[in-house]
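This document opens with one chain alone, in C-alpha cells, the form predicted on its own.
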Amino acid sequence: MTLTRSMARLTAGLAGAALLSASLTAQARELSVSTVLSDAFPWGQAAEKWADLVEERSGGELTLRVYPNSQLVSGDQTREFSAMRSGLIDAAVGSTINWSPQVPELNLFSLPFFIPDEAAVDAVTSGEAGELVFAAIESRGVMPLAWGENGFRQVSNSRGAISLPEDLEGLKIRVVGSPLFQDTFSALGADPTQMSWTDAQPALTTGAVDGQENPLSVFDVARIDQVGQEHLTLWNYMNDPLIFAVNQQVWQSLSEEQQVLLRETAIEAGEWEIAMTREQESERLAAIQERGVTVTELTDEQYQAFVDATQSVYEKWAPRIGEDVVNAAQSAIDAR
C-alpha cells in the first residue's frame, strides 16, 4: 500500500514537473531580427551583440534570432521596413538609406555633404533632429530603440582618381535604390546605376559599372579592390546611421520589463558598435592602401566644389524631408 502511494506521488510529481517545463517553454519567445550584412561586418555584429545581450539578461525568456543578408525579404533590402511594419519581420537593425523610401525624414542623413564629421553625426542623432526622426518612424508602425552606425560612405572606381566633380563625368556608379542617390550622382555628372549589392559585385568585376560608394568597412571586408576598384576617394559625402527597431504590435505585446530590456540592450549594442566602427577606420584604411589602392583625400577647396555642385539636390530634397527636421539638424551641426 505504501509503495503504491509512493508511486502515485512520484507520478504526480513528474507530471507536475512536465507541466511546469511546458509552461516555461511556452513563455519563452523568439523574435526574428533582419540585417542586410552578416557578422563579418560591424553591421551584422551589432545585431548579434543585441541578440547576445538579450539572451544573457532575459535568462532565455526572450531571444533574438538574427537573419543576415536580407534573407527575410529575399535579398531586397529596400523591402525590410515594409516587412517589419506589416509584421513579417519582428525586428531589425536597419539602414536609414534602405528605410528612407517609407520614411522620408530618414533622407536627412543622405543629403549630400550635409553632415561633415562624426561629431556632427552625434549632435544630430542625440538632439531634436534625432527625436523627430524617431517620431516619424514610430508614426509608421515601427518602434525605434537605438542608433548604430554604418559609417561615412566613400566613393571608388576603376578609372582614376576622383578629386573634383568633373572626375565623375560619365562614370557608371552603382547606387542603392533611392531617388536621392540618383539625383546626387546625376548632379555630379555621373551615370548612377541602381542595383542591389548582390548584383553590384559581378557588375564591378565585368566592368558593367565603373564604381560604387560604401563605407570603408564594406570596402575592406568585401575586398572591393579585388573587383577592379583601385581608386578610392575619402569625401564623407553622407553618413548612414543604423537603427535598432521593433514592429509596433510586437512591441506592445511585450511586458514592460521586456520592453525595458530590449531598449537598454539595443542602446548598449549600438554604442558598442559605433565605437568599434570608428576605432577600426584608420586600421581599415591602412589595410586598403597596403593592397595597392590609391587613396585620395580632398582639400577644403575640393570638398567645397562638391558641396557647390550638389546644392540643387539639397534645395530639392530639404522640403521633402521636412524643413523642421533639416533646420534642427543644421542647428545641431552648427553648435557641435
Ligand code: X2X
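Because the structure is predicted, anything quoted here is derived from the model rather than measured. Numbers for residues come from their place in the sequence shown, where the first is 1.
The same protein has a further form, the form predicted in complex with this ligand, not shown here; the description that follows concerns it.
A.B. asks: Heavy atom within 4.5 Å of this ligand in the model of the complex: which of I97, A146, L204, V124 fits that? Just give me the one.
C.D. replies: Result of the distance check: I97.
A.B. asks: In the model of the complex, which of the listed residues (I224, A91, V176, L216) lies with a heavy atom within 4.5 Å of this ligand?
C.D. replies: It is V176.
A.B. asks: Counting only non-hydrogen atoms, which stretch in 292-300, 307-315, 33-41, 268-276 is within 4.5 Å of this ligand in the model of the complex?
C.D. replies: One stretch meets the cut-off, namely 33-41.
A.B. asks: Indicate whether D240 is a 4.5 Å heavy atom neighbour of this ligand in the model of the complex.
C.D. replies: Within the cut-off, so yes.
A.B. asks: With a cut-off of 4.5 Å between heavy atoms, is W235 one of the residues that contacts this ligand in the model of the complex?
C.D. replies: Result no; W235 lies far from this ligand in the model of the complex.
A.B. asks: So in the model of the complex, does T184 come within 4.5 Å of this ligand, heavy atom to heavy atom?
C.D. replies: No.
A.B. asks: Can you tell me if W197 lies within 4.5 angstroms of this ligand in the model of the complex, counting non-hydrogen atoms only?
C.D. replies: The answer is yes: W197 has a heavy atom within 4.5 Å of this ligand.
A.B. asks: Using a 4.5 Å cut-off on any heavy atom, which residues of 148-173 would contact this ligand in the model of the complex?
C.D. replies: The stretch touches the partner through N150, R153.
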